[in-house]
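What follows is one chain in C-alpha cells, specifically the form predicted alone.
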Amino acid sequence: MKYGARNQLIGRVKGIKQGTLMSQVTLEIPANSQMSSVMTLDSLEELGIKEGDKVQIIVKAVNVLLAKD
C-alpha cells in the first residue's frame, strides 16, 4: 500500500491501553525510543494489532511544534 506521508518508520508494539472507545498503542522505534498512537477500538481490532507485532508507522502532521523555556 502506498502513502503520501514521507515520515515512515518500522516499530514493535510494546503495549496497548484500551478505554471505552479509544486505545493507546505504545511503540518501540529505532534509536531505543518510543512513541504512541491513539486509535479507535474498532481500528485496533480491524488491523489485528497485538503486543509484540511489527508494524509500519506512518506519521502525517500539519504542525510539529517545539518549545523551550
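Residue indices: 1-based, along the sequence shown. Owing to the predicted nature of the structure, the values given are computational and were not obtained by experimental measurement.
Not pictured, yet referred to below: the form predicted together with a further copy of the same chain.
- In the predicted complex, E46 approaches a further copy of the same chain with a heavy atom inside 4.5 Å.
- Although the partner is absent here, D53 lies within 4.5 Å of a further copy of the same chain in the predicted complex, judged by heavy atoms.
- A residue is said to contact a partner when one of its heavy atoms sits within 4.5 Å of a partner heavy atom; D42 meets this definition for a further copy of the same chain in the predicted complex.
- Interface residue remark: K17 is counted as part of the site for a further copy of the same chain in the predicted complex, having a heavy atom within 4.5 Å.
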